[in-house]
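The data below hold one chain only, encoded as structure tokens and taken in the form predicted alone.
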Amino acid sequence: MTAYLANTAAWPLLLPALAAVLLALVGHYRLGAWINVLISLATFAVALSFVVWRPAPGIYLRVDDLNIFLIILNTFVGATTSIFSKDYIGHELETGRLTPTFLRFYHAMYQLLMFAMNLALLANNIGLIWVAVELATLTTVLMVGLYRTHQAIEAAWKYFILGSVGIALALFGTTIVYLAAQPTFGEAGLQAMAWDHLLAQAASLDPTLLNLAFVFLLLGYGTKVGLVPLHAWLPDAHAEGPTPISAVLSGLLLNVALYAVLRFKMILAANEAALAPGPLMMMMGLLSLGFAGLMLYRRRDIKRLFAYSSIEHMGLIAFAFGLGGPLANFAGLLHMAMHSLTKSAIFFTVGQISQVKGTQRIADIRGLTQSHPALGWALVLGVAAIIGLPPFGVFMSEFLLATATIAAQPWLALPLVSGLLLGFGALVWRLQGLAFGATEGPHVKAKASNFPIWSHLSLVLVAGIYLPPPLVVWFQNVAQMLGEG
């Protein structure tokens, strides 16, 4: 234990784990909310320290080029979400939608969720990655059903059942990878499950077993990513759970699951006799992009609308990594960051909109730029960013991906651009009434902090204009690590 305390890599796990225990005992909402914010900020500060001092890798935990940016992104969005959550959830208490007991449970589960996601990103053991993703799933299942309405409980059960099927497939795939490693590592069980050891010896692993494993891993973790046709849980979970959890689900947890796929993809790519993982990822990515783009036109609930947008963008990211190569991988990494920041900002906005309007029905929300200018224009800018309008960072990542696709697989450029245009048209169409239509509904004042919204959108705007050289170097290094599709 002393060794782990001395190793800074353990602190992004210890802080939220200890906070979860503490918050379970704190009965006062305001005190619990402030503890939640302070611990989240402290965890982000520790993660940020990895930039200047990187701990040595261990058999269980590892900080490397692939995960250092993601752990910083994860803790940053976790911190801003906790700030947003402080007043947003307080309003739910005032209106009677939640009770003090549920709020104590909410804060404890929030930190447990952050612990699980941080563990998945830092884990060097493929079994530990699986355990972390499963813990994150179980935690979010409980939080999706927090309101205890019929719809919320149904959404939680759907997420639990489909998520359990996915995680079972991922466990089977993980077991097969371990079996493939046994002839190389013998009885050294920990080494046979350590990702860095597996990558170093990937060329000697049984390619047939690796092929079989990756199919199960892609289907299993792909369920958590929300890739079509494994996406059915995602719209319900986003729509029925508390808005801060929708932001974390869309902005962070989907990334964590895709990160697990990338870890295994690198092992497969390092074995020349194994199946090329790229085509499978590109197929599921394009299917998700096109299907979600069509479904956006049929949504009647504002949170479900942006849940399908998340499916669309995760499909785009999966396609980028499936295509592979330095440029496409660079675009995929950039898009992961831009989507996390933008979509969480959008969910912060629509969560407040649903509070002030008393509904999530799109038909009952009109003229936000007149009735609630700050929220209305935040929604306009958020949609402008997520559909890829310049100068936002999403435009840069989509432009790079389109360029890489035309250069490597020109015949795939048409379905890629068509899927993007489908989503573009649907969100612009919906935005017109939401933001600029005749004002309808109540004019209750929003109470949650707007700082998380504007900080996220500002970062996305800056990223579209200027990326700091150290960040570009990081993207380039990891793009090289991820290799071809």
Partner chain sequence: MFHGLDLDIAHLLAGSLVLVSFMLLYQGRLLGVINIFAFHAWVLAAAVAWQAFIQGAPHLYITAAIALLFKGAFIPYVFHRLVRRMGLHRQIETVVGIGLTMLLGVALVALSIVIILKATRNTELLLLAREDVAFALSVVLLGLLMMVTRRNAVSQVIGFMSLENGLILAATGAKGMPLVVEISIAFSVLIAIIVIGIFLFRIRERFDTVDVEVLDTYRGEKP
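Numbering follows the first chain given and starts at 1. Keep in mind that what you see is a predicted model, and the values were worked out from it rather than measured.
There is also a form predicted in complex with its partner chain; it is not shown, and the following applies to it.
When its partner chain is considered in the predicted complex, residue 267 lies well away from it, no heavy atom lying within 4.5 Å. Its partner chain is not shown here, but in the predicted complex it comes within 4.5 Å of a heavy atom of residue 216. For the chain shown alone, residue 389 is not a contact residue for its partner chain in the predicted complex, no non-hydrogen atom being within 4.5 angstroms.
Using a 4.5 angstroms limit between non-hydrogen atoms, residue 330 is distant from its partner chain in the predicted complex.
Across the proposed site, 165, 193 and 298 without exception bring a heavy atom within 4.5 Å of its partner chain in the predicted complex. From the list 300 to 308, 89 to 97, 284 to 292, 348 to 356, the contact stretch for its partner chain in the predicted complex under a 4.5 Å heavy atom rule is 300 to 308. For the candidate set 79, 381, 400, 171, a heavy atom within 4.5 Å of its partner chain in the predicted complex is found for exactly one residue, namely 171. Between its partner chain and the residues 182, 370, 201, 409, the one pair within 4.5 Å by heavy atoms in the predicted complex involves 182. Taking a 4.5 Å heavy atom cutoff to its partner chain in the predicted complex, the one contacting residue in 347 to 385 is 361.
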